[in-house]
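Next up: a single chain in structure tokens, the form predicted alone.
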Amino acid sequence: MKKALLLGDEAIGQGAIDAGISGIYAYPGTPSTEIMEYVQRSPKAKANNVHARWSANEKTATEAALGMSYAGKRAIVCMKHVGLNVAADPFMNSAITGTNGGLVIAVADDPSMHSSQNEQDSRYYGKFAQIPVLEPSNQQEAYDMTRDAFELSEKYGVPVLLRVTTRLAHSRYGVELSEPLKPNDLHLPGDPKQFVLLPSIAKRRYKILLGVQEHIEEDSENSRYNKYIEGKDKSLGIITTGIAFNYLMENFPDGASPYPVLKIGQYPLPKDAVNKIFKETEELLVLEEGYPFVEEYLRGVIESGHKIHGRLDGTVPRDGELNPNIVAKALGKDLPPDYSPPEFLANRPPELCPGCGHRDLYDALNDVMKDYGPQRVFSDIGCYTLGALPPYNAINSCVDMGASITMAKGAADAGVHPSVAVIGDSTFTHSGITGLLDAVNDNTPVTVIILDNAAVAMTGGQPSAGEGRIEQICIGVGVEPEHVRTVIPLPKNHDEMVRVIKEEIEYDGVSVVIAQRECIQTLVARKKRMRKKK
């Protein structure tokens, strides 16, 4: 048995490879990005001819993975938690169609919003779809659960959700690897109508999904990932999930909790184990990373009078990540000395890289907007969102992928002029094209500035889906060719950029300005690679 030092994300990637996947589909998003990158670097994945290329967005990734499952092959699709919002349509319906080859949806949640707009909990999606959910507490479980998830998927004919959080995704530990499995042979569904969700068929498929619920619940009751740990002190019972189990055990250096502990790693919740800890203890403490998912369930089914502590009663903070100190406080233990940095050592805010073309574009845009007044620029998700901070203070929104164009359109519909959208090339091809089409169809007076740096720069410089084709895409959507303008964001071109942006703002219709210059980070990396080749 081999052993490897792996990030949690990498353990998922290796687990998928060793489970015999034929494809991995994803859109980059912290903290899930490294799963795809690990598979792309893997000699084993290359030898097995695993399809491992980035998709335009999470929806297309999920649909492609479902197509591979249709063909009888195993596939994994990876995204961050807000990416699951984008993929929600195929995700929910894939529970109804069911699977042919094993299908795993790996989602990395981001409590404390280190690089996200919210800290939503993907376990609710799994419950909503009525599919099994696996939540590892360490890197070894991340590897083992990924392999087991494919078995579960094929056993019950449903997709399986694998949920991790930031600290597990981005920390390393030694992982024991098991013997790899061979990829499935190509085999089409036995029922040729399985994936045809016409109402009459969907009703039948939904009954099938409901019919396996009892078996999925029984599997969870007997899962090796749901473990009841006896404790002598029955005054308190602790229910913990995923990485929160580690925070709990760090408070007991000898590895033994005096209280009974129910460690949950597989859902639906194991009701028998939950009932056992409820009956054996006087009070319950729920420790879970994310929303009060388990705690809400307990409050819904446990008779009144039994005290339940957790996020809902303030024993644990309602927002943000857990850590060993928070858990210690919840247990009533003395906290260690506080070694937090003093207040006068303020955190250094993030900023655009020196030499980044976005800096030059914002300088020009700010000069233009002086003539029109503030709060008329809608932006999007990417490194350019840092334009909201000093010294630029150039943008006024960042909601979700692609929202810059549609919010600018709505503001223009309300009478705001000028209404300007700023969006990156990758975000544009992810979710901005349809918004641009709406604007074209209504001939809305908006100016869309596409910051084309030929990369998904914020997450590490992955290739952009529309690289080299942004202008053609805009014209193809229906923007008048003479109002699709390209500028090079450099200090020497400042006056030209000001002139072009102002001309297009004054145009009474849809216009696009493409600020085209390679990301400074990918440029440096590319030049290094070229020097090494010499």
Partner chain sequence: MKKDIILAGVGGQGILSVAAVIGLAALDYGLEIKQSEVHGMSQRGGAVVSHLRISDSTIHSDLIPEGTADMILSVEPLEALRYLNFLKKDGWIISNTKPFVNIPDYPPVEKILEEINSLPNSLTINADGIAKALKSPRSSNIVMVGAASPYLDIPVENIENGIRQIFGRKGETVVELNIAALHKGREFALGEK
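Everything numeric here is computed off the predicted structure, so don't read it as measured data. Positions refer to the first chain, counted from 1.
The following text describes the form predicted in complex with its partner chain, which does not appear among the structures shown.
A.B. asks: Exactly one of 201, 249, 229, 277 has a non-hydrogen atom within 4.5 Å of its partner chain in the predicted bound form; which residue is it?
C.D. replies: So the residue touching its partner chain in the predicted bound form, by this definition, is 249.
A.B. asks: Under a 4.5 angstroms heavy atom criterion, identify the one residue in 313, 221, 176, 351 near its partner chain in the predicted bound form.
C.D. replies: Looking at the other structure, the residue within range turns out to be 351.
A.B. asks: Could you tell me if residue 324 has a non-hydrogen atom within 4.5 Å of its partner chain in the predicted bound form?
C.D. replies: Within the cut-off, so yes.
A.B. asks: Does its partner chain come within 4.5 Å of any heavy atom of residue 139 in the predicted bound form?
C.D. replies: Output for residue 139 is yes: heavy atoms within 4.5 Å of its partner chain.
A.B. asks: Considering only heavy atoms, tell me if residue 172 and its partner chain come within 4.5 Å of each other in the predicted bound form.
C.D. replies: Flag for residue 172 set to yes.
A.B. asks: So in the predicted bound form, does residue 187 come within 4.5 Å of its partner chain, heavy atom to heavy atom?
C.D. replies: Answer no; every heavy atom of residue 187 is more than 4.5 Å from its partner chain in the predicted bound form.
A.B. asks: So which of 442-450, 93-101, 362-370, 333-341 is the stretch with heavy atoms within 4.5 Å of its partner chain in the predicted bound form?
C.D. replies: The contacting stretch is 333-341.
A.B. asks: Relative to its partner chain in the predicted bound form, which residues of 33-56 have a heavy atom no more than 4.5 Å away?
C.D. replies: The stretch 33-56, when checked against its partner chain in the predicted bound form, contributes only 34 at the 4.5 Å heavy-atom cut-off.
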